[in-house]
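Below sits a lone chain in structure tokens, taken as the form predicted alone.
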Amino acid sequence: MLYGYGGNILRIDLTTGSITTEPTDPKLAEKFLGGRGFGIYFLFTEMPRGADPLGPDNLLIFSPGPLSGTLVPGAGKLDIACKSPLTGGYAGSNVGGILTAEIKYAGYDSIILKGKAPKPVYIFIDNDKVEIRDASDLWGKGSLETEKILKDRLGEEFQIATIGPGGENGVKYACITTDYGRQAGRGGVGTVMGSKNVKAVAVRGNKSIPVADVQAFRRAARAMYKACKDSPGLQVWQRYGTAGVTVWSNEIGAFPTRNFSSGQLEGFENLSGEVMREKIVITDKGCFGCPSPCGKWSHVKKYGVRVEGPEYESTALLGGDCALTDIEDVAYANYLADDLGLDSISAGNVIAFAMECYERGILTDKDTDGIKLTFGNAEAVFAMLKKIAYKEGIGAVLAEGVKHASQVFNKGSEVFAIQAKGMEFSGYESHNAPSMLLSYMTCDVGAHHNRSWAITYDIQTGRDTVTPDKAERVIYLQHVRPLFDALGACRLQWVELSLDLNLYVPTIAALTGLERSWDDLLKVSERIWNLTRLFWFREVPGFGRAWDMPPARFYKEPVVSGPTKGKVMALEDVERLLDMYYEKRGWDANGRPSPQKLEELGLTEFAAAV
């Protein structure tokens, strides 16, 4: 008996229509846990080397973790992995909601899609009954509309993952949406789903998850919930969720403004969690098993739509980075991105980049089809989101991502194309935050904050210092935070409610029957991180140190306003950060894991395939 798991791997070949299952290997579960661990393992071992990200050989892998669907705080996380069409490397995107629990209850630890359907389809999963069904009538519809149609058709108990027109049309940063507003947004996972002609995945399950020691698990889980309930941060976090970060971020000069040229926005107070709560929020909305629901269901009366959010990241990129200062404008832009199926982080970043190009004269009215692409123009943001989703006019270039767009526009625009490894930065301006900048530079999917949110460490230790402890902190966070993505649980109870990490140890032991220390779990996370790094070396020709460098804006162009005005990171300090990071990781000067490190982590056999 494999305790704590669904017990099966489901494989669907969309080209042939073949559907098979196999038992989950207990050794795989022990070595890679689940979630993102299973995702990178199957991607590395089963996807042919050099596969076209938009071709039939790429895999799209949905993986809950052992904690997913169990009665622990925040057990609603699902990992979705593939080769990224945006970066050419690894894409691992994490999403909340209820879908991950339903997949476990249907009996699956991974759902692996390969091939390409000859026509639009959706995947129907009802426990052991799995079918590839026609979705021709759904193709072209928005993500949110599609979810409602399928719930009306199949039943409310089915949990649905959908793509919008962005995924259908091959926008390189298209997302997958579930639970009416939760997105697996980063890296183009929705693009890959669209390339396979899959419009949606619908899942229902009613099987139980086997637990090694039910009474011990119940005691351990209750202790975790009690710790959340007793947290002094619970009330504020429940009321504002991630939107509560906006004011703090702006005050410290980290709120991305006008394409990361500044970290403070005039009029930011109109985007605060307090204003959002007062003007548009209807109710709170949580994922499976969540004692601290950070989701906010909002009614945007100005535009007559309802949307989940906006979360901080959407506010930062669609709002601050584009210099929008009306929460209703930002919420509507968020709604458009959700329904069109676009990652709101990448989309906001790309539009802000285009706005700077327009204001510098690199783009003209002729290029934009007459759209006045100036900072602060909400109508321009709305119009560009639609152009991107349908790849109309300049939208076809912006749909490829900011790195590609800068290569097309040229004229020095690559300096302020805010990306690393081809992925757009998320919502923290980092000219004067060495740890946070290093987090972006070395993130395993490209520039994203969720693997290592280290800006608070910069504030604690000094924002002008570049020291070995900052590299150590980033590495530590890159092991702890992504570990939650392997376990299938939310990290925010730890981050925002200060939930003691040691409480997870007896919980996992009671669930799986395996005694594992927290250090042992961190070693699994390090193993996953290094295997992911090997995947980049295998799949991206010439991959190495240059791919970990930030855009030149961070070491050439000082911040133009706000509390960090005039600050810039010296290029030699950027290089020193990488040197320290690589040394402490056990990697060589080009960022490749050493044979000794791979042997230590039990990955020697994988290195032979690179």
Partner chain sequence: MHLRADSSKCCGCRACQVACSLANFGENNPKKARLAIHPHFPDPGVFEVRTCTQCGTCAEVCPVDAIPVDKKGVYDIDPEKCIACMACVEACPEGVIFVHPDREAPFKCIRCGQCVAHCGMSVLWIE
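This is a predicted model, so every value here is computed, not measured. Positions refer to the first chain, counted from 1.
Keep in mind the form predicted in complex with the partner chain is missing from the figure; the text below concerns it.
A residue is said to contact a partner when one of its heavy atoms sits within 4.5 Å of a partner heavy atom; residue 410 fails this definition for the partner chain in the predicted complex, lying far away. Although the partner is absent here, residue 105 sits close enough that one of its heavy atoms falls within 4.5 Å of the partner chain in the predicted complex. Proximity of residue 476 to the partner chain in the predicted complex falls outside the 4.5 Å heavy atom cutoff.
Although the partner is absent here, residue 291 sits close enough that one of its heavy atoms falls within 4.5 Å of the partner chain in the predicted complex. Highlighted residues 419, 545 and 576: none comes within 4.5 Å of the partner chain in the predicted complex, counting any heavy atom.
Of the stretches 185-193, 387-395, 154-162, 79-87, only 154-162 has residues with a heavy atom within 4.5 Å of the partner chain in the predicted complex. Screening 399, 381, 265, 287 for any heavy atom within 4.5 Å of the partner chain in the predicted complex leaves a single hit, 287. Of the residues 98, 505, 363, 524, just one reaches the partner chain in the predicted complex with a heavy atom at 4.5 Å or closer; this is 98.
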